[in-house]
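First, one chain by itself: the form predicted on its own, in structure tokens.
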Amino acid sequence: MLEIKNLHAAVEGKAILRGVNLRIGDGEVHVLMGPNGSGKSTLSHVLVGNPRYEVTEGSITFNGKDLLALPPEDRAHEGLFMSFQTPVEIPGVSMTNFLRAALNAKRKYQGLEPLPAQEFLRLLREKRQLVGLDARFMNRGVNEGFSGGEKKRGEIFQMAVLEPTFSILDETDSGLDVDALRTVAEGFQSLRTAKTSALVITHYQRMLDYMRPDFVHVLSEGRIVRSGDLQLGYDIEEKGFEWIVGQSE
């Protein structure tokens, strides 16, 4: 599904990624861990096409297409979705209207007609139940006045409605209590299929417990320095990152 080769990227002239190589297949969940400042969020922003991040070398292929050649909106229409570490507020735009516009834009890109209003509302009701999002939030501005947990639930809800094939969860567990994390993780797991994949960026073991990823990678100083299975994540929890970083030098 996704293949990253020798990816280098910079922000405001400062090199952050220094040769990332990563392949994610259909149906796989990969967890990306690493010290602060190692480039985890930079990688996610490069994938979705944030213009602040300049790719200086390398390639990214997504379902056979050159991802770097696509503008951000087309990357979303092709099936990419990102749950932000700090979701932004969009005052004056209700969640319902926001999702209707986003979903119908994707359908237009795919050559489909807009989803009829009745079907759209039925879809919203169905997906809300997956993440425990109360109906009263649907008419409020996107993330406006939401708690941290509500914002994260809201983004998983958006993911459920838009049905991306590849999702990036950038520290979705940040600021969530155990119950909220369980709700979000269960909602995410209910959306998994043999054709959908995800890259989960996290610092915490509890995310590993809920996500049960297929692979765990450690990013340090802009490069992936170790890859393994779920046990690698538990080893990091016990020993920290220094033992891995030291071995890679």
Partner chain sequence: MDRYEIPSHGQLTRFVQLQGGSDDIALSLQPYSQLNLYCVEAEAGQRQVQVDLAEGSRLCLVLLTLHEGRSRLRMHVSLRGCGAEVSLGGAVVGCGEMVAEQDLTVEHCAEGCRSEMLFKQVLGDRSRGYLSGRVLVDEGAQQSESEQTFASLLTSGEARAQALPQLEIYADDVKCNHGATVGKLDDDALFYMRQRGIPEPEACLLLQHAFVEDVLLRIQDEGHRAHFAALVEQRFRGQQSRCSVCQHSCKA
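Residue numbers count along the first chain shown, from 1. Note that the structure is a prediction, hence the values are computed from the model and not measured.
There is another form of the same protein, the form predicted in complex with the partner chain; it is not shown, and what comes next is about it.
Contact with the partner chain in the model of the complex, defined as a heavy atom within 4.5 Å, is made by all three of Phe98, Ala101 and Asn143. Listed stretches are 187 to 195, 206 to 214, 48 to 56, 30 to 38; the contact stretch with the partner chain in the model of the complex is 48 to 56, by a heavy atom cutoff of 4.5 Å. Mapping the unseen interface onto this chain, Glu73 counts among the residues with a heavy atom inside 4.5 Å of the partner chain in the model of the complex. The partner chain in the model of the complex comes within 4.5 Å of a heavy atom belonging to Leu80. Although the partner is absent here, Pro91 sits close enough that one of its heavy atoms falls within 4.5 Å of the partner chain in the model of the complex. In the model of the complex, no heavy atom of Met138 sits within 4.5 Å of the partner chain.
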